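Next up: a single chain in structure tokens, the form predicted on its own.
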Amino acid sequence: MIRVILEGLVKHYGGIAAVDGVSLELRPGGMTFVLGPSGAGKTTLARLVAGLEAPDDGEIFFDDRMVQAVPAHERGVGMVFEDLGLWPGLSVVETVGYPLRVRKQSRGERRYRVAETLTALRIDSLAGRRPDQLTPPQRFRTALARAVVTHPELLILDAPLRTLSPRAREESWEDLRRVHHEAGVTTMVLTDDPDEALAQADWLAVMDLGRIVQAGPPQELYNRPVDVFVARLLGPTNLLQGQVESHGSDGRGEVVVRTPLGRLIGQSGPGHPSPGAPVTISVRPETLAVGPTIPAGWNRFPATLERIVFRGHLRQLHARGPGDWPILVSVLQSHSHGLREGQSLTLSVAPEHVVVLPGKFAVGKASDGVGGAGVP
């Protein structure tokens, strides 16, 4: 298992920086996700790491070995691309064995390694089939088998499950997780699906416009985003513009902010905004509690329930707070039997779930899981 360290990577195409000063660590044996919208620079970053592109600046280390000058075929990287890249004229066994043939391994060794890999990925019975005779999950397993048959030090997957159905994606993730665990290979996954990243990543890096915006454990990024971009990317949230009034005296980073819903106590990250500074508040829908019982120290405000949307085990409550402000709340179905559209509610939220983000942001509509605009 290797540790991959990227330091200040830069790659320009024309006058555009596709990768702009990226520094990131892939932990040994871990599964690191790079999440970002289309055009964020994820694929270019992966190609730099794999040796398919040369960086304009920066350094790439595999453990203590600098690899910028090492050719792609000598880096020990296995890749699975979004289109999988299966050759239509080759059978499964020929496809999986091809990397070993290129490395001029003996026929006996090739047979053993290919058979071992096909069995591990449950496609040994498909050895003679060609890609057009396989289901989408079987094609993914074939591409994954080709990537791991060489026992790579680093495995890179570029959104290979994007086109699969939800059920097929879940089955394919089980296969990938099992292979990853058994091989212990350091893995980098590129995706634009936040649900996938939050559920599967050991370590998550959010990328936008060629830069890493925030990196850390998925739960940390979801609960403590560094800015509005990360907050919105990782799931629905209520956004409110506000102005800092004061800081708490307990040293826990608490900030009192004036918002359209009234004064809210929240928590800010490093570099606390000074009194009077404009900020944006982020409150996840599931962190809001409904009911008259308010724990000590929690924020509270009244609201009117306008609409209930059934989401299976969850119900989405579309409400209006003070100043007719739109608020989105998510509650378990089992905790919402007595709720009726048009009724008055008391909503509350703990200060640690009121995230104070730097700067003023033009917030959108509640239908997007986002509050409206401006401090009155």
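Since the structure is predicted, the reported quantities are computational estimates derived from the model, not experimental observations. The first residue of the shown sequence is 1; numbering continues from there.
Keep in mind that the form predicted together with a small molecule is not shown, yet the notes after this line are about it.
Novice: Quick check on this chain: which one of T44, S330, S348, T32 has a heavy atom within 4.5 Å of the small molecule in the model of the complex?
Specialist: Only one option qualifies, and that one is T44.
Novice: Within 4.5 Å, heavy atoms only: does A18 come near the small molecule in the model of the complex?
Specialist: A18: yes, in contact with the small molecule in the model of the complex.
Novice: Under a 4.5 Å heavy atom criterion, is P37 part of the interface with the small molecule in the model of the complex?
Specialist: Yes, P37 is a contact residue.
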